[in-house]
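One chain follows as structure tokens, the form predicted on its own.
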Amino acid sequence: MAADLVLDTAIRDWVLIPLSVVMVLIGVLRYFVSKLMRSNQVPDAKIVKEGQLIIRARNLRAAANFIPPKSFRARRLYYNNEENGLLIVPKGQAQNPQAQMFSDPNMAMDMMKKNLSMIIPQTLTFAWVNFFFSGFVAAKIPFPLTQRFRSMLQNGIDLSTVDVSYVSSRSWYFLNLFGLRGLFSLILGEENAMDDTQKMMQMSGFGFDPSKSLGAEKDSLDIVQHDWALPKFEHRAEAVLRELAR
């Protein structure tokens, strides 16, 4: 049976709360630093146009059942026509996003600044947590968990007899690192709030590949099964009126 621990209130005051406050302050500070380091580069008109085109195609897929079948087929042909469709990218015009980034020094510099503004604070914060708070049991989850969560919640504690619901200080650091999007959306706004999971995913890629995005949207639009919803609404309204007329 897993052992129950009595957490000292001093751990809450000197470990749990300082870790949470520092992580929030570092996230806000990193946002303003990255905003100051951002160059005033004018976005490429072609990339902006292709991004807006993808949004329009997605809106068509989302609202496909609210327009007549003939109108939907005409719009889909406008986007997916093999000769001059908007979502068709000729093979010779496909751009390599990696080559585009390395050919543009401003884009490469922005990528390097973004990586530095993320890696340096994380490295320093993790070293601070590992040096001062390593080995602390900082909190307890108020509901039972399975053994699969042990490696995630008890990083830095090598005791198999401790209940899984207890959270170590190092694991609390990682939980704050990847789970503060909701709080940042309140502080910085929804558009500026992005957790570190999404930032790491952006760091793993080198750029936007319009040919792949347009091709994927074309395939998604091709497989849409149109089912006009207006007749269903008419039948439902007729049934409601009949019920009221009784």
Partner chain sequence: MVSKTEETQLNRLENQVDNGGGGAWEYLCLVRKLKVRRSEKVLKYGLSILNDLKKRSSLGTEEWTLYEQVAIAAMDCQSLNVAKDCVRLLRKAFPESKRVGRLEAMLLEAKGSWAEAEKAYSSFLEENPLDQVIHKRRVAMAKAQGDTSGAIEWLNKYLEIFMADHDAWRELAEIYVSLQMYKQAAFCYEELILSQPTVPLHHLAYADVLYTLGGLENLQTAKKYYASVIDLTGGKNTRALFGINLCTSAIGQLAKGRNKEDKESLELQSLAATALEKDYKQRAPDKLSLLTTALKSLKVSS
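Basically, rigid core = biggest C-alpha set you can superpose within 1.5 Å across the two forms. Remember, it's a predicted structure, so these values are computed and weren't measured experimentally. Numbering follows the first chain given and starts at 1.
From this point on, the text means the form predicted in complex with the partner chain, which you will not see here.
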item	value
The partner chain: the contacting residue among M37, V28, A216, L53 in the model of the complex [heavy atom, 4.5 Å]	L53
Interface residue in the model of the complex among D13, D227, E238, D222, criterion: non-hydrogen atom within 4.5 angstroms of the partner chain	E238
S71, heavy atom within 4.5 angstroms of the partner chain in the model of the complex	yes
Interface membership of K140, the partner chain in the model of the complex, 4.5 Å heavy atom rule	no
Touches the partner chain in the model of the complex: L86 (any heavy atom, 4.5 Å)	yes
Contact of F32 with the partner chain in the model of the complex (heavy atom, 4.5 Å)	no
Core-aligned C-alpha movement of A237 between this form and the one not shown, 2 Å or more	yes
Per-residue C-alpha change between this form and the one not shown, R150, threshold 2 Å, rigid core fit	no
A74: Cα shift of 2 Å or greater between this form and the one not shown (core-aligned)	yes
